[in-house]
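One chain comes next, on its own, written as structure tokens: the form predicted alone.
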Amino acid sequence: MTETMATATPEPQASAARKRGWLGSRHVVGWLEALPLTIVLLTFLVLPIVTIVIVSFWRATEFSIIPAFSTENYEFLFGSSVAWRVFGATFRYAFISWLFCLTIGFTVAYYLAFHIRSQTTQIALFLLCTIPFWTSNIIRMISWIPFLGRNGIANQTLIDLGLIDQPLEWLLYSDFSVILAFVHLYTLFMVVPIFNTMMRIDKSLIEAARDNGASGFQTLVHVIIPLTKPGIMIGTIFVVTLVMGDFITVRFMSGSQRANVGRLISNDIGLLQYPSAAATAVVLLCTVLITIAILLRFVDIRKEL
């Protein structure tokens, strides 16, 4: 009897051990932990993108949408000189805005990281930079209109100082006002990652460079900038993607006299030309992804994340 029980008990124990081993394996546990987020991404990211791609190959008339495969939307898009000019304007806005955001963001982050000794003061000044973000983007953007207008504060101040005789027309409803608004809206997206990266730089490296006779400029070029590349790339991705997808700023700050790809999509949606809007969105998405892929070739931002 005892021998029979001794021989019978190991089988259930072995089965339970195998079950615990299967459920307790790192591979299975990892997939189970990632399953909720995977479902969310598939539902709210992948599925909408797939839908947009499918709709981009449909046809549309003035009154209806025809769910039949066709490449006429892409043929019209790539064969239109207007579309090429709009894409060129979008890249120009993105590049100029990125250049100014990088210059201002790097300068602010450098000052906060290396010239402010007190951590309390650093945090206070950093929070000061975030104050404009306490209000809506649209409100901050529209606030430039009375400032830059023909009878606005900027023109009146310049006239009172005797620097100009008549108001400057190019201050508002021009490429200047569009880029100014972009820089105002998105500079903080460059400041944050660069400042975060600079704060991780070992100060002994800078002291070692100075001890070896490096000037301040040489230390900046050969020590600080190379170590700040991950933050610069993260900020670049934020700024470029936000500028290329923003159409409200272009519409208001240019007085509807300029256009970017986002305006094309918005206009097509307003005309109920959803397949054409979807095709333009797919091309814009591919362009942004290619740009990000090129940027990621220069630095491994996974170390920063």
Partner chain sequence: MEKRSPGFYLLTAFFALFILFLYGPTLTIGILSFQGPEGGLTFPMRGVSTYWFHDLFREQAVGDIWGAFARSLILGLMVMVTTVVVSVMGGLAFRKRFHGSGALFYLIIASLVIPSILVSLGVGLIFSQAGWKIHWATSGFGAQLTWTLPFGLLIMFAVFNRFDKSFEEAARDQGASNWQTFRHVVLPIIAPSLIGVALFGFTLSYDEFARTLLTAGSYNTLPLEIFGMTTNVTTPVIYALGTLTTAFSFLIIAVFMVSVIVVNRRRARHGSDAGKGI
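We call the rigid core whatever largest set of C-alpha positions still superposes within 1.5 Å between the two forms. Residue numbers count along the first chain shown, from 1. None of these values were measured; they are calculated from a predicted model.
Although it is not shown, the form predicted in complex with the partner chain is what the next lines describe.
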- Task: Spell out, yes or no, whether the shortest heavy atom distance between Leu285 and the partner chain in the predicted bound form is within 4.5 Å.
- Result: yes
- With heavy atoms only and a cut-off of 4.5 Å, decide whether Arg92 touches the partner chain in the predicted bound form. no
- Is Thr107 close enough to the partner chain in the predicted bound form to count, meaning some heavy atom within 4.5 Å? yes
- Message: When the contact criterion is heavy atoms within 4.5 Å, does Thr228 count as touching the partner chain in the predicted bound form?
- Response: no
- Item | Listed residue (Leu163, Ile138, Ala208, Met199) with a non-hydrogen atom within 4.5 angstroms of the partner chain in the predicted bound form | Ile138
- Query: So in the predicted bound form, are Leu158, Ala214 and Gln218 all sitting within 4.5 Å of the partner chain, heavy atoms only?
  - Reply: no
- Query: Though the partner is not shown here, which residues of 32-60 have a heavy atom within 4.5 Å of the partner chain in the predicted bound form?
  - Reply: Leu32, Glu33, Ala34, Pro36, Leu37, Thr38, Val40, Leu41, Thr43, Phe44, Leu45, Val46, Leu47, Pro48, Ile49, Thr51, Ile52, Val55, Trp58
- Task: Determine whether the C-alpha of Pro36 shifts by 2 Å or more between the shown form and the other one once the rigid core is superposed.
- Result: yes
